[in-house]
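First, one chain by itself: the form predicted alone, in structure tokens.
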Amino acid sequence: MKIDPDNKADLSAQIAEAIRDAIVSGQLIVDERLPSEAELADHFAVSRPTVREALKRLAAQSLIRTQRGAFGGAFVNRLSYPEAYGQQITTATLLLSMNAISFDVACEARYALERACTPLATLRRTPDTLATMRAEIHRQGHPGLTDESFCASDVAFHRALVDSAGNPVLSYQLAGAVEAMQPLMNMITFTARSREAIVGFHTRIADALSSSDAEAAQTALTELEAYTLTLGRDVMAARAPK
């Protein structure tokens, strides 16, 4: 593990990257204890506070965990899918909140990824995932449902669609798209959209999965994307200064 002392980048960031690369490459394996702070400080020729900051960066990414006691120290973490989901959602949310991703780009990415799930979803959907989708459709039709609850139900419906594919890697990749991008779209479009139209699209998608018709599900998602894009553009045009 090496860093470039002449590099102007933050030394703690360089150290964190060097250790992360060692973990990714397999030089450091799951549950392996990292060298002590003093040993790492000697290895990288930096101060212990610099090493400590690098370890904090790695812990924040769930790449390492720390334990106290005689047999304590920093250890390579065994990352779980739920932890990975959270990181994906956080990263996507930050990108969106900082306007690093436009509404159109987020919408295009989200629906392209969801459509990629539908062939698997039509083959692997379970009674539970279908029941979740039907329950959310029923909930969305309730006239007393608040805008906030409708948006949450919208996210839950699409989460069930993605999970119907039965592929944890796809679910991980789509965590940011569904649980970060979709709330942004809802926040922009909820005042203009028709709940009845959304329920109609969702019903078509659930029916298509139920009858194992991937093409029909993809068509409904494509039309929902076009509807969402139109709403988003109209809302933002209305907000633009005259």
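Counting begins at 1, following the sequence as shown. Please read these numbers as outputs of a predicted model, since none were measured by experiment. In this text, the rigid core denotes the largest set of C-alpha atoms whose superposition between the two forms falls within 1.5 Å.
Heads up, the form predicted together with the DNA isn't pictured, but that's what we're talking about next.
Participant: Contact with the DNA in the predicted bound form for Asp234, defined as at least one heavy atom pair within 4.5 Å: yes or no?
Facilitator: Residue-level check for Asp234: no, no contact with the DNA.
Participant: Do Pro127 and the DNA come within 4.5 Å of each other in the predicted bound form, heavy atoms counted?
Facilitator: No, no contact at 4.5 Å.
Participant: Even though the partner isn't displayed, in the predicted bound form is Ser47 close enough to the DNA, meaning a heavy atom within 4.5 Å?
Facilitator: It does: once the DNA is placed as it appears in the predicted bound form, Ser47 has a heavy atom within 4.5 Å of it.
Participant: So in the predicted bound form, does Gly141 come within 4.5 Å of the DNA, heavy atom to heavy atom?
Facilitator: Result no; Gly141 lies far from the DNA in the predicted bound form.
Participant: Exactly one residue in Ala106, Ala156, Ala165, Ala74 has a non-hydrogen atom within 4.5 Å of the DNA in the predicted bound form; which is it?
Facilitator: Flagged contact: Ala74.
Participant: Given that the DNA is left out here, which of Glu53, Glu32, Asp213, Asp42 has a heavy atom within 4.5 Å of it in the predicted bound form?
Facilitator: Flagged contact: Glu53.
Participant: All three of Asp10, Gln67 and Ala70 touching the DNA in the predicted bound form at 4.5 Å, heavy atom to heavy atom?
Facilitator: Judged in the predicted bound form, Asp10, Gln67 and Ala70 all sit within 4.5 Å of the DNA.
Participant: 34-42, 193-201, 170-178, 213-221: which one contacts the DNA in the predicted bound form at 4.5 Å, heavy atom to heavy atom?
Facilitator: Selected range: 34-42.
Participant: Can you tell me which bits of 151-173 touch the DNA in the predicted bound form, meaning any heavy atom within 4.5 Å?
Facilitator: Not one residue comes within 4.5 Å of the partner.
Participant: Is the shift of Pro127 between the shown form and the other one large enough to count as movement, that is, does its C-alpha move by 2 Å or more after the core is superposed?
Facilitator: For Pro127, whose C-alpha is compared between the shown form and the other one after core superposition, the shift is less than 2 Å.
Participant: Gly73: CA shift of at least 2 Å between the shown form and the other one after core fit?
Facilitator: Shift at Gly73: 2 Å or more after core fit.
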